[in-house]
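This document opens with one chain alone, in C-alpha cells, the form predicted on its own.
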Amino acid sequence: MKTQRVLTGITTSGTPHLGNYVGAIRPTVRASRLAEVESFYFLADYHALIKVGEPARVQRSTLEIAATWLACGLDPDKVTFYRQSDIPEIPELTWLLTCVTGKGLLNRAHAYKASVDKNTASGDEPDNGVTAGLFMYPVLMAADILMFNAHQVPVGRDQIQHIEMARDIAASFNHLYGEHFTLPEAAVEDHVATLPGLDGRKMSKSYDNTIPLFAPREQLRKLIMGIVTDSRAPGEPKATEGSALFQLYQAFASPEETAALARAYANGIAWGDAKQMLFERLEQEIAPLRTVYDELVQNPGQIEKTLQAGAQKARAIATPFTARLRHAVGLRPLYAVAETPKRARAGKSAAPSFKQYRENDGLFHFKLLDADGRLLLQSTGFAAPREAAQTIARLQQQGNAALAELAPLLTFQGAPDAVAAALSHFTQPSA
C-alpha cells in the first residue's frame, strides 16, 4: 500500500543539466521504485512562460526533459508523469489559492525580492520589468503541489522557501474552508541538493554555467576541463572545501571514492588529473543513459502519447478534487441552496474538524470544532506548522488517550464530554 506522495517538476526552459539530474531527477527516480511511494513527475511548462519568450525553446525543452526522465529510469506505468499545461485544474486552483494568499507573503519571495533589489541598486523603479507571473510564481508552485496533496517535494536548498510558502497558503485555505490540503515538506539531499557549475556558482541556466546532462562524450570532457580552479600547482595540497570540482565528484561517487579524492587533494593532485577523474566518474554513470536518451528524442510522437496517458491519470485525481474545492469555496449549482438543510448551512462542516492557522505573532495554532462549528479546543502557539500538524495527528489517531499528555498545550472551550465525542469521530474505525 502506498502511504506517501512525492512530487517534483522541472521547468521547461532549457536543456537538462547535471544539477537537475542530481537535485531532482536521480533521487526521485530512485524513490519512485519504493513500494510505499506514489510519485508525480511533471514538466513545468507554465512556469517556463515566466522567463522564456521563445515558443520553440519551450517546446524543445519539453521534449528534452521528458526524454531525460524516461532515459533515467522513470516508468510511466508505475508513476504519474504529465505535462503541467495538460491539467486545466492547476490554473483554476492557482486562482482559488491566490484569493487566500497575502500579498505580504509574496513580497518576501526570493526571486521577487532579488528583482526589486537589483532595480533599486540601479536606480530604477522597484518593479521595473517584474511581471505578475514572476510575482505570482509561488502560488502556481503551491497549486502544483497541493493539487495532488504531495507529502514531500524534492527540491534544492534554495527552493525550500517555496515549499514553506505552499504550507502557509494551504494552512490559510484549510482555516477558511476546512481540511482539504496536506501540508507538504521539502526533501533535500544535504550534500548534493545544490550543485556548483563551471564557475563555482550554483549550476543554473541563468548563470550560463551548466553542464548539459547528455552532452556528447568529447563535449563533456571539454566542459569538465574548463571548470574554474585555483592556481595551486601540482604537489601543493588543495582544499576540498569550496572546490566545485570536488563537490561535483562527490555527487556521483561513493563515499570510498570521495574519501580517496580527498586524500589526493591533500597530497597535491594536479588539477588536470582531478578533472580527468571527475570526467571518468561522470561518464561511467551517464553514458548508458545517454544512449537511451538519444533514441527517445528521435521519437517525439511516442513521448507525446506517454504524456497524454499521464495527463489522464493526473486528471482522474485533479478533476474530482477540484470539484470538491469549488464546492468548499461556494462555487456551487444554485439548486443546491434549496436542498441544503438549515443545520448544514449554519455550520461550516457536517462533522467535527480541526482548523490550523497562523496568528499575527507568527505562531501556528489549531482549534477543534464540533459538527455545528462550535469551538471545543484551542491550542497554544507552535513555532513551526509541522509541530501543530503533528499534535493534530496525535489527537486524530489516539483521541482521548492523548488528551492528558497534551493538556498543557490545549485550552478547553467546550464541555469535556463534547470534546470526547468529537475526538471519537476521528478514532472510530471506518464502516
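Not measured: the values here are computed from a predicted model. The first residue of the sequence shown is number 1, and the count goes up from there.
Here the subject shifts to the form predicted in complex with a small molecule, a form of this protein not shown in this document.
Worksheet item: in the model of the complex, which of the stretches 39 to 47, 386 to 394, 54 to 62, 25 to 33 has residues with heavy atoms within 4.5 Å of the small molecule?
Response: Contact criterion met by 39 to 47 only.
Worksheet item: Since exactly one of L248, A314, V153, L93 fits, which has a heavy atom within 4.5 Å of the small molecule in the model of the complex?
Response: Going through each option in turn, the one that passes is V153.
Discussion item. Between L97, L278, L195, M141, only one gets a heavy atom within 4.5 angstroms of the small molecule in the model of the complex; which residue is that?
Written reply: That would be M141.
Discussion item. For the small molecule, considered in the model of the complex: do all three of L70, T80 and Q308 come within 4.5 Å of it, counting heavy atoms only?
Written reply: No.
Worksheet item: Going by a heavy atom distance of 4.5 Å, is L7 a contact of the small molecule in the model of the complex?
Response: The answer is yes: L7 has a heavy atom within 4.5 Å of the small molecule.
Item to complete: Indicate whether the small molecule has at least one heavy atom within 4.5 Å of a heavy atom of S204 in the model of the complex.
Response: Answer no; every heavy atom of S204 is more than 4.5 Å from the small molecule in the model of the complex.
Item to complete: Consider T11 of the chain shown here, and say whether it contacts the small molecule in the model of the complex, taking contact as heavy atoms within 4.5 Å.
Response: Contact with the small molecule, yes.
Worksheet item: Quick one: is L183 in contact with the small molecule in the model of the complex, heavy atoms, 4.5 Å cut-off?
Response: Although the small molecule is absent here, L183 would stay clear of it in the model of the complex, with no heavy atoms inside 4.5 Å.
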